[in-house]
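Quick heads-up: it's one chain on its own, the form predicted on its own, in structure tokens.
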Amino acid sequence: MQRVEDQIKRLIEECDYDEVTRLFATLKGGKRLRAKLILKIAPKHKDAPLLAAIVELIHAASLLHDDVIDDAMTRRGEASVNATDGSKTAVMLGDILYSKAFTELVSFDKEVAQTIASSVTALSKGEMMDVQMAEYFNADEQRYLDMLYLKTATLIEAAAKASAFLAGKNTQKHALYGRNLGLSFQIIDDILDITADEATLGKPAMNDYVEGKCTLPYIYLYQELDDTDRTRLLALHGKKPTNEDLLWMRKKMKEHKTVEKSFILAQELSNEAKNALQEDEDLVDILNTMIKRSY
């Protein structure tokens, strides 16, 4: 991973603007899931660290824009760029990271460049869908999963497929692996928003629903409730709940096992990914570690 960090540092320095260097230094790197995946799939390819760095810049840019759209004041437990330096600066920093990433991406084989570039278009569509869906209570499970694929899974899918191309491996199997890893990873995040505490999350628990996001546990809950309880759930959508409201939602979720049902879907997606690449122990281990985050 040090090779990736070195490449990221080089790319930021080449932007040749102290303000970009300063602001980027405030961003927490996170799990570097996409970079680790690329290095696992194409460990010997000389350009794998650069590809990983490019994908991480794209991911960072998407998070900067995401925080502005959501008006999020924190990111991974720290103040977001839009909180410290304003939304305009956060958007422009994201644009610079996107632009630098694409500048480097054109040096790769056309197949690799198109795979990553098309995923960024899909990612942006997913973000737009997410914003639109937050305006009302979405009870459509498939629509939610379609949005998750575009917003979260598509870049992970592209990272896996592009690195498989570099390594001369089966691109379709690795694309399936990346897609399912991305979907199950986000479903686990949805679960943690409900089950984890504020100190762990770096934001208030059950904050997704406050922001208008109807994740799987809420969709499954809506499907199980009677008309009276449905009305109460809908009335809480996009609003800051009282402690009584939070306890009521948690009680109903426990009663109808909606968190468990969401976890089952994440596990099914994970198992499908494992079956696609069961011979690769490192990639199977990534899935196992991801699933264990939930409980």
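Residue numbers run from 1 along the displayed sequence. Computed from a predicted model, the values in this text were never measured in an experiment.
A second form of this protein, the form predicted in complex with farnesyl diphosphate, is not displayed here; the remarks below concern that form.
Contact stretch among 124-132, 170-178, 81-89, 104-112 - heavy atom within 4.5 Å of farnesyl diphosphate in the predicted complex
Contact criterion met by 124-132 only.
Counting non-hydrogen atoms within 4.5 angstroms of farnesyl diphosphate in the predicted complex, say which of Ile69, Leu246, Leu265, Ala235 makes the cut.
Comparing distances to farnesyl diphosphate in the predicted complex, the residue within 4.5 Å is Ile69.
Single option in Val120, Ile191, Ile219, Leu166 placed near farnesyl diphosphate in the predicted complex, where near means a heavy atom within 4.5 Å:
It is Val120.
Contact check for Arg143, Ile187 and Asn271 against farnesyl diphosphate in the predicted complex, heavy atom at 4.5 Å:
Not a single listed residue reaches farnesyl diphosphate in the predicted complex, so no.
Proximity of Lys213 to farnesyl diphosphate in the predicted complex, heavy atoms at 4.5 Å
Although farnesyl diphosphate is absent here, Lys213 would touch it in the predicted complex, with heavy atoms inside 4.5 Å.
According to a 4.5 angstroms non-hydrogen atom cut-off, is Ala42 in contact with farnesyl diphosphate in the predicted complex?
No, Ala42 is distant from the partner.
Would Tyr98 sit within 4.5 Å of farnesyl diphosphate in the predicted complex, counting heavy atoms only?
Result yes; Tyr98 sits at the interface with farnesyl diphosphate in the predicted complex.
So, Leu63 and farnesyl diphosphate: in the predicted complex, are they within 4.5 Å at any heavy atom pair?
Result yes; Leu63 sits at the interface with farnesyl diphosphate in the predicted complex.
Taking only heavy atoms into account, state which residues of 146-185 are within 4.5 Å of farnesyl diphosphate in the predicted complex, ordered by sequence.
Stretch hits, in order: Lys151, Thr152.
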